[in-house]
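Have a look below at one chain only, the form predicted alone, in C-alpha cells format.
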C-alpha cells in the first residue's frame, strides 16, 4: 500500500528565473484538460494508494481558481481512500492567496500551507523575479491564519545576489514576528535550464561559498534561539510541525506522483511522467504510457539514497554497512557525531553535508 501522493501542477503566474522545476505560464485553454488528465491518472493508477500525506506542488498550485481546485480535490476524494489522511499540503504563491480560496481549501481537507515568501525585501524579490511584494506576503499570511490554517510553512532563500548577511538576519527576524509553524530556508543554486544558470555561466552571478556558509550559520543560530528545531538541513519546525510528506521521502518510503514531470517510486521501480503538459494530457487521454523515464531501484541504491537523505535529518542514519574507518576519520575531524546505533552530522558537518554523505557511500 502506497501512503504518499505528490500532485504536480505546473502553471505559474510568472516563471521565476531561478526555478528548475517543470513549469509553464498559466493557460486557461489547457487547464480543464489538465485537471481531467490528473483524475484519469488517478483512475488508472490509484489502486493500492491510500494516502497518509498529499502534497500539491508546482509550479504554483494556487494559480488554479477556487473552482478548479475544488474540482480537483473533490475528484481525487471520489477516487481515492482519504480515510487515513494526516497531512494535506498545498504550495501557495502570496500573489494567489484570497479569503475565498483559503476557506475553500481548508474545507476540502487541506491542513498545511507552504507559502513561497523568499524574501521580505522588495528589491530582492524583484531580483528573484517574484510577482508579489513583501506587504502582499504579509497580508496573505494573515488571510491564511484568519481562515483557520493552523500549520503554515514559509519558504525563504539566502545567497541571493545583492543580499547581505545583515539583510538575511533581518529577513529571519521578520519571519519570526509572524509566528509560522515551519520555516524552510534554502541556499540559492544555479540550476541548468534556468535564466540564472545562464547569468552564472556568463560570470554575472558569482557564488560565494564562505558567505553562503555564514548565511547558513546565522539561520541555525536565529531559528534555534526562537524554538525551531532543525529537523533537516534546510527545514526548521516548531515541535510536532515537521512536514510528514517530506519525512517520508527522506526515510525512503514509496510514493506516487501525478501530473507532468512527477516521479513515483513503488515496488523497486522509479518512474517519471513526461515533463510536457500537452503531451501528458494526450497520453493520459489515449491510455498511452505517460512515463519518459524508468529505472529499477535495487536495494543497494535505495540504501544509498537513505544514507544521503537521512544524514540530512536530525535522526541521522544507522552505521550498519558503513566503513568504520571512514566513520572514525569523519568523527575525528568533527563532521560526525557517532554512537553505536546512529551517525549524525555535527554543526560543522551540516555545512558540508553532501560531501560527508559522499564519503560514507
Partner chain sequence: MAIKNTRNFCIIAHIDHGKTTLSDRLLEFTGTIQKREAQEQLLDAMDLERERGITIKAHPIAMEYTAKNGHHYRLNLSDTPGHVDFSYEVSRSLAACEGALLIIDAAQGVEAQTVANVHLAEKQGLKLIPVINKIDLPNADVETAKKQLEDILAIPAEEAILASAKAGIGIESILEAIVERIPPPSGKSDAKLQALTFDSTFDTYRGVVIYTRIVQGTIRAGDPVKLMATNTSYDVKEVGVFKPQQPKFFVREKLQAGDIGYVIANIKTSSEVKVGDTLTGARNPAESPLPGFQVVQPMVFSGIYPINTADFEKLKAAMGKLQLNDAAFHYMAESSVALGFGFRCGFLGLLHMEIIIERLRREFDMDIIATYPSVIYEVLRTNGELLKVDNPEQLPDFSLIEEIREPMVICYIMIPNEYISPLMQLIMDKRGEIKHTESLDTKRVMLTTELPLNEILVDFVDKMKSITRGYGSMDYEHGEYRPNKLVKLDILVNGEPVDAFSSIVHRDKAESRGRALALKLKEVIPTQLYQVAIQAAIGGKIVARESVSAMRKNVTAKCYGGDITRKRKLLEKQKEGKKRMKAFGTVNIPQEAFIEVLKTG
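What you see is a predicted model, and the numbers here were worked out from it, not measured in a lab. Numbering follows the first chain given and starts at 1.
If you look for the form predicted together with its partner chain, you will not find it shown, but the lines that follow are about it.
Contact with its partner chain, judged by heavy atoms within 4.5 Å in the predicted complex, is confined among 59-67, 308-316, 30-38, 44-52 to 308-316.
Proximity to its partner chain in the predicted complex, defined as a heavy atom within 4.5 Å, holds among 255, 71, 197, 82 only for 255. With the partner omitted from this view, the residue of 221, 209, 204, 100 that lies near its partner chain in the predicted complex is 209 [heavy atom within 4.5 Å].
In the predicted complex, its partner chain sits within 4.5 Å of a heavy atom belonging to residue 234.
In the predicted complex, at least one heavy atom of residue 352 sits within 4.5 Å of a heavy atom of its partner chain. Its partner chain is not shown here, but in the predicted complex it comes within 4.5 Å of a heavy atom of residue 246.
Heavy atoms of residue 238 never reach within 4.5 Å of its partner chain in the predicted complex, leaving it off the interface. For the three residues 143, 228 and 242, a heavy atom within 4.5 Å of its partner chain turns up in the predicted complex in no case. In the predicted complex, its partner chain lies within 4.5 angstroms of at least one heavy atom of each of the following residues of 322-361: 329, 330, 333, 335, 350, 351, 352, 353, 354, 355, 356, 357, 358, 359, 361, in sequence order.
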